[in-house]
Every structure is written in structure tokens, then in C-alpha cells.
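What follows is a single chain, given as C-alpha cells, in the form predicted alone.
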């Protein structure tokens, strides 16, 4: 494919995921960003908000969103807060080749779940059935030729990728899964919030979304898909003072006797054809995946409690958002899924 021949747009380009898309697509050999809207920053130079992008964007400014701005593009990435994509997507369908929504508005197949977990009815529930869930390691076969992809959320990606092999193999009970997860502050987005200011976050750790975090049904939906029955999870995220990164510690009750070596073998076999997943006996760290599209996994069996512990780490802005979106776009557009994406993290 000719270099830069795929014309792309970014809706919500002034957020962290939009900025990360600019960074990733700068080295993508086939995709060029033709349009970028950031309505809250319309008219402002992109490099003023993100100086790291200055070599890429020059004196380019954020545009006000309009359908006409994106008309005819090959792929449009949407990085808007929850509740906003469900009104933008219908406007773009039929006017662009492919839509990759990085928000939560099209991830859940059951429209009745949106008022329960998001506090509002879905305004376009008829589009949910046709939206492909964008988690390539589990739904790779559904992505080629897709027109609307709902890219997986960062917390859900880390948790689901850690647990999916254990559920698919029938190794754990699916009605008693516990997930404790830590996440960096960038997962809350760029706009300032009282709970993400420096003085609040520094030297502090806080559990949030207690019993009602919005990624819970997304994780349950995925684990139910890969398993043989309904999955129920108790999911508790924790905000810690780091910019990026997610570490998910996942616990399940064993259905049969096995060893740590057995579980590591199950993980390795399950992800044998997934280029961005590394299974290792070593305990993974968030620093090891920073800036990359990789997921590092490990597991341990505890005979004393008859439980297995799975641990997964990823960069919430790359594999948990923008990198995942690019990986999905690659597959949907017929490109090798690794195109423009790095497996190697930045260290230190």
C-alpha cells in the first residue's frame, strides 16, 4: 500500500488519546491525519497544548467539529468522553470508510445496561449489534472489513486479556472472579478534576468506582463470550500517582488441580498468535510496557487457597486506548496488525 495513502481524522484530538494518536500515526507508513477536531480548543495551536507534537503538527490548530470536516475520509478515530460518541457516530456512518470509537458508547451489546452503568439511555441502540468489539487478541476474526469498531476500554483490556485464557480453558469458576487494578492519572482524561490535581494524587492511592465502575459489564461481557456461561466479576480500580500504566491483579477459584507451570503454558498457547502479548514467569511492571502496544502477563497457582492469580500490565494510553485503536484499524483495513506499533516499552 502506498505510503500515507489512508486518510484519517481524529474527533476529540485535544484529549490525551487524540494526542497519542498523533504520535503513533506519525510513524505509521500507511495512515496520514488529514483532519483533527478539538471543539474545546478550537482555533488553538496543537503544539501549545502538546509541545511534544510540535515536530509533527507545526502551526496546525484544532478545528471545530463538523461532519463536513471528516467527509470522505478512510478512517475516523473518535476520542470523546462517554455519552458523546453515540450522537457523532450516526452522522459519520456512510460518509467515512471506517469508524474507530475509543469511547464506551458502543461497547456493550445490551442497551439496557447503559442506564444501569452509565446513567442514561442509549440514543442509538440499533447500532450496537453491528459494532465490532475492538479487542484483537479475542475478536481478531471479526475486524476485517468492519465499518464501526468499539475499541476496548483500558481497564477492561488489561483485565479481560489476563482472565480470558483461564475462563476459556474452564480453569476457573466464572461466578467468583475478583479484579484489583491500579491505574495512572492519565486514564481520567486531560480536563482538570478535583480528584486528579497534583496535590490530591501525589503520595496518595485511592480506590474508586466501588461496586459500580463502568468497565465492569464490559469485562463480564467479554468473559461470558469466551467462556461457557455467564461471568460475574468484582472489579475495584485504584488511582495511583503515576502518569500512565495499568496493572490488573485477577483472582479466580480453580476448577481442577494444576500448577503454575500449567497455567503459564495455557496463557502462552492461548496467545501464541498474538504479537503484542508477552507471557513470562517474571512479575510484570507498568514501566516495562510504557509507550508500547504490548501486554505483559504472568500467573501463579496457590494450592492453599485453591486460587489462581493472573497479572497483566499495559500502557493505558497506548494498548489501552490509541494503540488499540490503531491495531483495530490495521486489521479492519487489511494491514498487518503490527503496522506502526511498537512492542518495546520505554525504560527507564
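Numbering follows the first chain given and starts at 1. Computed from a predicted model, the values in this text were never measured in an experiment.
Quick note: we don't show the form predicted in complex with a further copy of the same chain, though the next part is all about it.
Which of these stretches, 221-229, 121-129, 195-203, 135-143, has heavy atoms within 4.5 Å of a further copy of the same chain in the model of the complex? Correct option: 195-203.
With the partner left out of view, is residue 317 within 4.5 angstroms of a further copy of the same chain in the model of the complex by any non-hydrogen atom? Contact check for residue 317: yes, within 4.5 Å of a further copy of the same chain in the model of the complex.
So in the model of the complex, does residue 162 come within 4.5 Å of a further copy of the same chain, heavy atom to heavy atom? So residue 162 does not count as contacting a further copy of the same chain.
is_contact(residue 288, a further copy of the same chain) in the model of the complex, heavy atom dist at most 4.5 Å: So residue 288 counts as contacting a further copy of the same chain.
Looking at the partner-bound form in the model of the complex, is residue 238 within 4.5 Å of a further copy of the same chain by any heavy atom? Residue-level check for residue 238: yes, a contact with a further copy of the same chain.
Can you work out whether a further copy of the same chain is within 4.5 angstroms of a heavy atom in all three of 90, 214 and 254 in the model of the complex? The answer is no; none of 90, 214 and 254 reaches a further copy of the same chain.
Which residue among 264, 98, 182, 171 has a heavy atom within 4.5 angstroms of a further copy of the same chain in the model of the complex? If I apply the 4.5 Å criterion carefully, the residue I get is 182.
Going by heavy atoms, what in 240-258 lies within 4.5 angstroms of a further copy of the same chain in the model of the complex? 240, 241, 242, 243, 244, 247, 249, 251, 253 sit within 4.5 Å of the partner.
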